[in-house]
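Quick setup: one chain, the form predicted alone, written in C-alpha cells, and binding and motion questions come after.
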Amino acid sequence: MSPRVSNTFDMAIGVIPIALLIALWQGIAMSGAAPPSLLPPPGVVFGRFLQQIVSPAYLEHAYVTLYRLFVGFGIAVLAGVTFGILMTGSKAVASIVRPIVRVLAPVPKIALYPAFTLTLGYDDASKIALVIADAMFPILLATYQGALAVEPKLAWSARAAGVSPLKTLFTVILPAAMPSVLTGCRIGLIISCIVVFLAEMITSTDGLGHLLVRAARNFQTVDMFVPLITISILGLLLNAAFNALRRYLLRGFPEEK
C-alpha cells in the first residue's frame, strides 16, 4: 500500500468515531432523553457554528485565543529545547535544572494560575505564562532524553574536527535528537490548546473559553457548544499542520521513510 493510500485509509478510519459520536448525540437529542435546552441537536449547533465563523466579533475572540496559544507555545519550545540540550552538555546546568524539573513537573500548573493572575494581571500575560509553564516540561524532558540517546561518536567526531562544545550541541546533537524533540513539541502543542482554553474559562473577558462560560451563564446552550467545536477543529488543524512539518523536518530519518 502506497503512503498516500495509507494516509487516506487512516483518515477515513479516523472519521468513523467522530461520525458515531455525532450520531449518538443526534440519537439522544431525538429521543428526548435530554431536553433541547440542555442538549441541542447537532444540526442546530453546527448551523450556529457556520454563522459564527463568518462573524468578525467571533473571529476576533478566536484570534485572541490563537495569539495566546502560539506565543506561549513558541516560548515553551524555545526554553524547553534550549535547557534540554544544555543539560546534556553541561553538568552545571543539569545540576541546576534537574531539581527544578523534579519539583515543578508533577505540580498541576493550573494551581499556579492564581499567582500568575496576581503578578501578571488578568490579560494575555498570565494566560501565556500558564501555557509556558504547562507546555515547557514535556518539551524539555523529551529533548533531554533524545539528546542523551544520540550516538556519542557523533559528538566526538565534531569535537575532533574543531567544533566548539556549544556549537556541537546545537548543530550535531540537536538535529540527531529531532524525532524525540518533535514528539515533545507535539505533546506540548496539545497541552497548550487545552490550557489556554481553560485559562480563558477561569478569568478572561475575551477568547473562546470566555465565550463558552458567558454562554453557559446565560443558558445559551447552542452558543456554548460553538466554542467547543471551534477549539476541536483548531486542534485538528494544528495537529495536521504539525505532522506535516514533522514529516518535512524528519524526511532524512529512517523511521520517516
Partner chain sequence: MISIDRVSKQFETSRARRHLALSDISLSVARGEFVSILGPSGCGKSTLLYIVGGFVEQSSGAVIVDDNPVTGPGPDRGPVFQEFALFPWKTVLGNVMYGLDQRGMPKDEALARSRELLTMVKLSGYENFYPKELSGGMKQRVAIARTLAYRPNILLMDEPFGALDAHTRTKLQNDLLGIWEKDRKTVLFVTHSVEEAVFLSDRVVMMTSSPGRIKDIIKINLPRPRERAALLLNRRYQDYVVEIEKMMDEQPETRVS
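Positions refer to the first chain, counted from 1. No experiment lies behind these values; they were computed from the predicted model shown.
Below, we turn to the form predicted together with the partner chain, even though it does not appear here.
**Q** So which of 176, 141, 129, 182 reaches within 4.5 angstroms of the partner chain in the predicted bound form, heavy atom to heavy atom?
**A** In short, 176.
**Q** Report the residue, out of 101, 71, 86, 158, that has at least one non-hydrogen atom within 4.5 angstroms of the partner chain in the predicted bound form.
**A** Of 101, 71, 86, 158, the residue with a heavy atom within 4.5 Å of the partner chain in the predicted bound form is 158.
**Q** Among 88-96, 74-82, 183-191, 166-174, mark the stretch whose residues have heavy atoms within 4.5 Å of the partner chain in the predicted bound form.
**A** Of the options, only 166-174 has residues within 4.5 Å of the partner.
**Q** Is it the case that residue 107, even though its partner is missing from this view, gets within 4.5 Å of the partner chain in the predicted bound form, heavy atoms only?
**A** Contact with the partner chain, no.
**Q** Does residue 154 make contact with the partner chain in the predicted bound form, using a 4.5 Å heavy atom cut-off?
**A** Residue 154 belongs to the contact set for the partner chain.
**Q** Heavy atom within 4.5 Å of the partner chain in the predicted bound form: which residues of 41-60 qualify?
**A** Nothing in the stretch sits within 4.5 Å of the partner.
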